[in-house]
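As a starting point, one isolated chain is supplied in structure tokens, in the form predicted alone.
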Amino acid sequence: MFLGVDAGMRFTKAVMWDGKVLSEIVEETRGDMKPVLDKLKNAGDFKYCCATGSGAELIDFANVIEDDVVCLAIAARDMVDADFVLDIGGQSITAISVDKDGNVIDFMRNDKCASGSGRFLEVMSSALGIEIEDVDSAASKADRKLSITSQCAVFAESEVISYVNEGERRENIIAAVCDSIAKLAVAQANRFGISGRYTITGGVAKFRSITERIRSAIGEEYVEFPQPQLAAAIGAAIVAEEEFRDV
């Protein structure tokens, strides 16, 4: 078995891999990584480990470290045969073009603003008193279309607060938040250029109220990634397997 670890800015994800995901761990990334590291070490016996993500260097038992863009490209090609990846993570949106062998052709990352990211969705849903796992359900009950016009997370939050103060239904507001995130992701994809089969990864890809809006706007051939939050960790596990074979 092989271990892939994605130490992201919001969550640390890990998968035990043997041609498929055998087990997984998802834990909030904190300053003290010891509880996460202890869980990883106790996850089971593995032959080789690859770490990726912003905190990859903290995984002190990793045999190899690989860039998360590379891991996403490998996972997208191996798992769903995608030509293009739109990754919406905790703090950034990344567009990646992938060749037939899973190599990165080019990529573009927006990580200068939290707007459009998972963290933005968490903050907005919390402000509205909506549990993050209830976002899809709440957004589906919207009965009036609202707009959040700002692309800045701070100003967008002000718009949300204004809607709340005006007595607007929270279902309508969270639907507008989902629209805003989807529009930013689509804008990133359009700036980069998209063609062929594409998939959406990252924690935000779990929310159909967002992915369906993205799919409707892009209109290309979409293929769903299973367990999208684990995509980079799966790619890392595949790297670990390939590196082990070359040792």
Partner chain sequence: MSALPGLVKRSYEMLKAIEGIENYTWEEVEGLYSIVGKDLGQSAKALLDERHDGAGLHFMKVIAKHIREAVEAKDEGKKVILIPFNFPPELIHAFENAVPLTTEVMSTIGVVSLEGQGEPYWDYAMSLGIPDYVCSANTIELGSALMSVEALEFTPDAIISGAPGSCDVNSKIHEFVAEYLGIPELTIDKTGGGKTDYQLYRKLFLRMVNELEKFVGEEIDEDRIISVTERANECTELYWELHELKKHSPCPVPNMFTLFTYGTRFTMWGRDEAVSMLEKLVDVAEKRLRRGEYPAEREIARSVWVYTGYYIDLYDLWIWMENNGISYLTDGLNSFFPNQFEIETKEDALESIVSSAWNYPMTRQMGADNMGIQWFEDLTYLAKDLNANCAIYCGHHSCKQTQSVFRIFRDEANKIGIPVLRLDGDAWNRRITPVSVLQEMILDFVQNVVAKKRRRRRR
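Positions refer to the first chain, counted from 1. None of these values were measured; they are calculated from a predicted model.
Just so you know, the form predicted in complex with the partner chain exists too; it's not on screen, but the next bit is about it.
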Triplet S54, V70 and F107 all within 4.5 Å of the partner chain in the predicted bound form via a heavy atom:
yes
Counting non-hydrogen atoms within 4.5 angstroms of the partner chain in the predicted bound form, say which of R191, K47, R208, K39 makes the cut.
R191
Is I238 near the partner chain? Define near as a heavy atom within 4.5 Å, in the predicted bound form.
yes
Within a 4.5 Å heavy atom cut-off, is N103 in contact with the partner chain in the predicted bound form?
yes
D134: heavy atom within 4.5 Å of the partner chain in the predicted bound form?
no
Examine A138 and determine whether its closest non-hydrogen atom to the partner chain in the predicted bound form is within 4.5 angstroms.
no
Of 77-98, which residues get within 4.5 Å of the partner chain in the predicted bound form if you count heavy atoms?
R77, D78, D81
